[in-house]
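Given next, in structure tokens, is a single chain: the form predicted alone.
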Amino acid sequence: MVRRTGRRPGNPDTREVILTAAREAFAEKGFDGASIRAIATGAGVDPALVHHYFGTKDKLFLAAMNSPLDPLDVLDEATAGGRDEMGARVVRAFLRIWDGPRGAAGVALLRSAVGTEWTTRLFREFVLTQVLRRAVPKLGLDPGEGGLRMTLAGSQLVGLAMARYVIKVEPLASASPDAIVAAMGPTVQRYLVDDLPGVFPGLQPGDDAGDH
């Protein structure tokens, strides 16, 4: 637990103390229930200092999770060319981040996500608030279908990350990004925007999901 001894001025340890308090608050109360003021109180600092170090609550949460990416970066790239080939763009952006310098942080995040009930709860909040909540409107998905579509697509990406970067199963671990995009892009595309008859009641082949 963080020792509370009054308001703490800025120093090299302050950032980590704030992150520790933030992880506790987000895991216990969820993203929406944890306020900057409560996190500052837990860290023994002024709320202004939290904003100084991290800016918004979203950015504080990403830092607390040690996330290798801001989901908005992937979403911006995914929507850059409209709905066509969206799945391929999502997979390519995902691979570029995980194959780059930030990939090690992603591996650590995945490993910790299933370590304890506490870290699992924290990771679930990350998926719900930082990915799903942002992605459904950003990708123009029907609100009634978006959650399932995104989690289906996400299951492909998490499985890819586990096999390629954590377990390092060959030949996937050394496959070229182009090969993976070609293989997985159509599947992610189907989950995100194509018709899924039999999954959503009343959705028939050829129907426009945006009309429901």
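Numbers follow the displayed sequence, beginning with 1. Note that the structure is a prediction, hence the values are computed from the model and not measured.
Just so you know, the form predicted together with another copy of the chain exists too; it's not on screen, but the next bit is about it.
Engineer: Hey, of 31-39, 44-52, 61-69, 144-152, which bit sits against another copy of the chain in the predicted complex at 4.5 Å between non-hydrogen atoms?
Structural biologist: Among the listed stretches, the partner-contacting one is 144-152.
Engineer: Just one of Asp73, Asp99, Glu117, Asp84 has a heavy atom within 4.5 angstroms of another copy of the chain in the predicted complex, so which one?
Structural biologist: The option sitting close enough to the partner is Glu117.
Engineer: Taking another copy of the chain as it sits in the predicted complex, is Val127 in contact with it (heavy atom to heavy atom, 4.5 Å or less)?
Structural biologist: Val127 belongs to the contact set for another copy of the chain.
Engineer: My question is simply whether Arg190 lines the interface with another copy of the chain in the predicted complex - judged by any non-hydrogen atom within 4.5 Å.
Structural biologist: Because a heavy atom of Arg190 falls inside 4.5 Å of another copy of the chain in the predicted complex, the answer is yes.
Engineer: Even though another copy of the chain is not shown here, does Thr56 get within 4.5 Å of it in the predicted complex, heavy atoms only?
Structural biologist: No, Thr56 is distant from the partner.
Engineer: According to a 4.5 angstroms non-hydrogen atom cut-off, is Met184 in contact with another copy of the chain in the predicted complex?
Structural biologist: Yes, contact at 4.5 Å.
Engineer: If you check in the predicted complex, do Arg15, Leu19 and Ala78 all have a non-hydrogen atom within 4.5 Å of another copy of the chain?
Structural biologist: No, the whole trio is out of contact, none within 4.5 Å by any heavy atom.
Engineer: Sequence order please: the residues of 150-174 with a heavy atom within 4.5 Å of another copy of the chain in the predicted complex.
Structural biologist: The stretch touches the partner through Thr151, Leu152, Ser155, Gln156, Val158, Gly159, Leu160, Met162, Ala163, Val166, Ile167, Lys168, Val169, Glu170, Pro171, Leu172, Ser174.
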